[in-house]
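This document starts with one chain, in the form predicted on its own, laid out as C-alpha cells.
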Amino acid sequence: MIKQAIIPLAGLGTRLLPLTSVFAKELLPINGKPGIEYILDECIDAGIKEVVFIISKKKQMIKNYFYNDNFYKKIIKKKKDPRILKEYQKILKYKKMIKFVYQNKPLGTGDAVLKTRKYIKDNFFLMLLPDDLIIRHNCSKSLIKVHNRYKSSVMASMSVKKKTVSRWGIFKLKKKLDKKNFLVSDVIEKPSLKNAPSNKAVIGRYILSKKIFLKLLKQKPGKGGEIHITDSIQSLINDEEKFIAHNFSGKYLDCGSMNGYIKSTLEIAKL
C-alpha cells in the first residue's frame, strides 16, 4: 500500500509574480481555500498517512501556516467562534501528518525529491506537484489502484496540444495495457516540437520506486542546469523498470500561472 507522499514546495513561483514576491503561491486562496489544502485533501482521500513537504527558508510561511497554535488558541478563547475552531481543528489534522525538509537552492524537482530520501520507508511513494490540481476525480487514488494492479511505478498522463509539448515531460508509449493504461518506453523533459515522441504529457502525479533515489544521487544536471526527475525515470526505464502512463479522469487545472490561477478559482467555484 502507498502510505507516504512528497510535495515539492520550494519553487519561487515566478509565473505568479508579483503576488509571490511576498506570499507563498501554495497558500494563495482558490475559491477561499489555500491551494495546498486541496492537495492534502486529495492525499487523505487516497489513504495517505504521511506527507513530506519540501520547502525552502524563503517559503517558511508554509510551515508557519500549520504551526500557528498560539494565534488560534488566543482568538478562539476570545471570540468563541465555531467557524474558527473548525478551521483550527482542520489545520491540526493536517499538521499531524506533515514533515518538513528543506531545499534552499533551486536545483530542480529531482533534487527536491532526493531531499526526502531518509523519510521514505516503503518501496513506493506518491509525489504530487502543487501547481497541478485535478478536480472531480481523485487522481492519486486512481494511480494507487493502477499501482496495486500492476505492481509498478505510475505517472498521470493527458494529451496536450502539440504546440505546447516543450512545456512538459513527454511520453513515448510502448504498449497498451488496457483502456486507460500504457507501458512507457521513454520520457523526455521539455522536448522541441520536432523531437517530441507524442503529445502525451506527464502531469503532476507520480507513484515512484525508492530506486529513484539511487539514480538521483548520480544524476548530472540537465536542461536549465537543474536535476529533472524525468531523467532519473528514464534511467530506470533503461534498466527495465516498468513505468505506466495512466490517462486519468477528472479535470486538470494549472494553478501555477496567473491566468490558470484565475481560471482554477472559477472552475472550483462551480463544484
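Bear in mind that the values here come from a model prediction, so they are computed numbers and not experimental data. In case it trips you up, residue 1 is the first one in the sequence shown, and so on.
The following text describes the form predicted together with ligand UTP, which does not appear among the structures shown.
This chain is drawn without ligand UTP; in the predicted complex, the residue among 129, 188, 144, 201 with a heavy atom within 4.5 Å of it is 129. When you look in the predicted complex, the only residue of 103, 152, 116, 138 with a non-hydrogen atom within 4.5 Å of ligand UTP is 103.
In the predicted complex, ligand UTP sits within 4.5 Å of a heavy atom belonging to residue 112.
In the predicted complex, ligand UTP sits within 4.5 Å of a heavy atom of residue 107. By the criterion of a heavy atom within 4.5 Å, residue 10 is counted among the residues contacting ligand UTP in the predicted complex.
In the predicted complex, ligand UTP lies farther than 4.5 Å from every heavy atom of residue 259. Partner contact region in the predicted complex: 24-32, out of 65-73, 234-242, 24-32, 213-221, criterion any non-hydrogen atom within 4.5 Å of ligand UTP.
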